[in-house]
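Take a look at this single chain in structure tokens; it is the form predicted alone.
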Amino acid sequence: MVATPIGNLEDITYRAVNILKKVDVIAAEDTRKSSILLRHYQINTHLRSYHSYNLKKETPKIVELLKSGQSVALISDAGTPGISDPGYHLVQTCIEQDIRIIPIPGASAIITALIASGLPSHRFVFEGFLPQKKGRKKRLDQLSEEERTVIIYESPHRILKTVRELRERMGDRWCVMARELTKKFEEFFRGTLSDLMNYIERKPPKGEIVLLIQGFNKRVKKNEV
């Protein structure tokens, strides 16, 4: 399990580069994106596709490679594999088959956004992408009672809808939108959910987004947060 950069190609460890050069196979969520990184570091290891649409077919094949004595490195689109990607499924299967898992730590959009957000970082909850239809309202209601800092992923074309729904259910809490982390146009917006709604309407964002929301304070009513 090898963590790769979330944007800036220099955000990779020496260990990760060495591992990617030495393994027999690299299983990548998006081979096109990963090829950019591999070319940059002159890594010529065989690359194969492993994503949510082929994991049922590919997982047994990767397991067989591992059982035959080959080494496989799993990488995601960006950041640490196993977080909001199919890596979790492969890890589960390998553990069931008594295959050793070695985590190679590195960049993570969650932690990168959190440490610069200004929101409490000693206790937080990561929700990944919210459900788009079934269970969405229930999840939002649950999060409205969450006392820890809430972190979610969201896409640019859905961010306004999500912020609006969060405002309706959580009240006008403090939030942070972290966008294009480690890249040229990295941006942090800090303000209330209402402030963020207005900002997005004026300037629709592009790129990958991490949204952080202040946790619920029991001493303050939701609409007064």
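A residue's number is simply how far along the shown sequence it sits, counting from 1. Note that the structure is a prediction, hence the values are computed from the model and not measured.
The next section is about a form of this same protein that is not shown, the form predicted together with a small molecule.
- Under a 4.5 angstroms non-hydrogen atom cutoff, the small molecule in the predicted complex has Leu181 among its neighbouring residues.
- When the small molecule is considered in the predicted complex, Cys94 lies well away from it, no heavy atom lying within 4.5 Å.
- Contact check for Ser144: no non-hydrogen atom falls within 4.5 Å of the small molecule in the predicted complex.
- Contact check for Ser117: no non-hydrogen atom falls within 4.5 Å of the small molecule in the predicted complex.
- With the partner omitted from this view, the residue of Val72, Ala107, Leu140, Val150 that lies near the small molecule in the predicted complex is Ala107 [heavy atom within 4.5 Å].
- Judged by heavy atoms within 4.5 Å of the small molecule in the predicted complex, the contact stretch among the candidates 82 to 90, 117 to 125, 131 to 139, 95 to 103 is 82 to 90.
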